[in-house]
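Read the single chain below, which is given as structure tokens and is the form predicted on its own.
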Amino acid sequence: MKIARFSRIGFILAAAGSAVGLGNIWKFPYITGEYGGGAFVLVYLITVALIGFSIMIAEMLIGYLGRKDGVTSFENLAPKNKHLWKFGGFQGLAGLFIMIFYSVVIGWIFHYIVTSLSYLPASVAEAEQTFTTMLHTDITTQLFYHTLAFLWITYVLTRGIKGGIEKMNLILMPTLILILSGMFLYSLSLDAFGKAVDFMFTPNWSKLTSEAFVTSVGHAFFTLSLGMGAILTYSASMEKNSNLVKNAFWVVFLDTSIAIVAGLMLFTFLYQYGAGPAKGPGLVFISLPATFYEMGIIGNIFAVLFFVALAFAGLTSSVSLVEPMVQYFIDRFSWSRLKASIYMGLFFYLIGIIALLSNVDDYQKLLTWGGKNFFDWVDYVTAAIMLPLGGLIMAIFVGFVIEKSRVESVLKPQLGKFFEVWYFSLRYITPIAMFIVMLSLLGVL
């Protein structure tokens, strides 16, 4: 039986689709605003180059050499203690856990696509009231769109590498880039564009605290979809003799470019109409809808296009979050792709309902403990423990466990004289950085 492989462009778009998610389009802008604009952007770009790029190559290497699911790849590539190292492959569970709340958020975006066709809030206060009403009382709407997200993601997964994941990304990723590019070109014509450029690229060093450094490392890592087995799993289906370094570069370039373009576009709109970079869901679901209202009829068009682009980013990421565990059950237990996709889909869908209900007033108290509701706890555990731990394991495995000669045989021809720089960064700089990020997110530092 012939194993389905990504084409080169298919792999790059699928991996970029995995990396380009909700964090690029709304999280990056608001944390940039919180930590001093240009100063934070500079640190972010440096950490992407030194840490994110290093881990991206390492994760691709494990998948490319292992040619199986994450668990099997770790087990097969470990020279010794295979029974222990196989547990490194279970980082795919992080993606599945992220999907518990990610699917709910995609449901919110679906809802806003529909409502933006005919309605936009006239003020930030009205936008906040609309969003909080949906979040805290409207179970039916959230459940309906959460179900739509589950059905779409599961269907794509059942279609496999070529017919599902690659085909979806070949359509959605170029469309996402086209929509954002069009909105960005429009923002160039607005008076506030210069102010957005100044904010994004003129450093405000007074806001660049040690917390900002930790945040930049964490976000650079997480936005590239690393430490959850997605890039590893996709790389297992990469064509032979692929250039991992070039593929990693294009994925990192696309991911970072989209974040920068989104930031410039959103800050231009917000400054043009007197709003600011609100934190968290407030930016996308409160500040922006009120800003689009100020544009008149073109605001409805832009609102729909923006939420469609955001939905596409979320959906391409979602498929990659679930695929590692789908592939695990296919490889290790000989499940059919249909069975594995449905079971994994039902896992995040059913537990996602609990996450959804934990925001609803009638159930919030029951589903809240330690100052966080269930939705927030899943977000916290994946971000503070599972993803940093996955990245740490990846760096140690490639840097210290796999024989250097084996790593060199693949990457030295591609990296040339920079191989030793990359290898040193992977062995020492990246593990220390990820350990610090994890301790910081856990509140130890």
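For every residue, the number given is its place in the sequence shown, counted from 1. All values reported here derive from a predicted model rather than from experimental measurement.
The next section is about a form of this same protein that is not shown, the form predicted together with 4-fluoro-L-phenylalanine (PFF).
Inset, instruction - Quick one: from 153, 266, 104, 321, grab the residue that has a heavy atom within 4.5 Å of 4-fluoro-L-phenylalanine (PFF) in the model of the complex. - result: Of the candidates 153, 266, 104, 321, 321 is the one lying within 4.5 Å of 4-fluoro-L-phenylalanine (PFF) in the model of the complex.
Inset, instruction - Name the single residue among 256, 317, 359, 142 that comes within 4.5 Å of 4-fluoro-L-phenylalanine (PFF) in the model of the complex, judging by heavy atoms. - result: None of the others qualify; the residue that does is 317.
Inset, instruction - Using a 4.5 Å heavy atom cut-off, state whether residue 225 contacts 4-fluoro-L-phenylalanine (PFF) in the model of the complex. - result: Yes, contact at 4.5 Å.
Inset, instruction - Report whether the minimum heavy atom distance between residue 230 and 4-fluoro-L-phenylalanine (PFF) in the model of the complex is within 4.5 Å. - result: Residue 230: contacts 4-fluoro-L-phenylalanine (PFF) in the model of the complex.
Inset, instruction - Tell me, yes or no, whether residue 24 is in contact with 4-fluoro-L-phenylalanine (PFF) in the model of the complex, where a contact means a heavy atom of each within 4.5 Å. - result: Answer yes; at least one heavy atom of residue 24 falls within 4.5 Å of 4-fluoro-L-phenylalanine (PFF) in the model of the complex.
Inset, instruction - Find out whether any non-hydrogen atom of residue 19 is located within 4.5 angstroms of 4-fluoro-L-phenylalanine (PFF) in the model of the complex, and reply yes or no. - result: Taking the distances in the model of the complex, the answer for residue 19 is yes, it comes within 4.5 Å of 4-fluoro-L-phenylalanine (PFF).
Legend entry - Interface stretch in the model of the complex with 4-fluoro-L-phenylalanine (PFF) - options 160-168, 108-116, 367-375, 216-224, non-hydrogen atom within 4.5 Å: Of the options, only 216-224 has residues within 4.5 Å of the partner.
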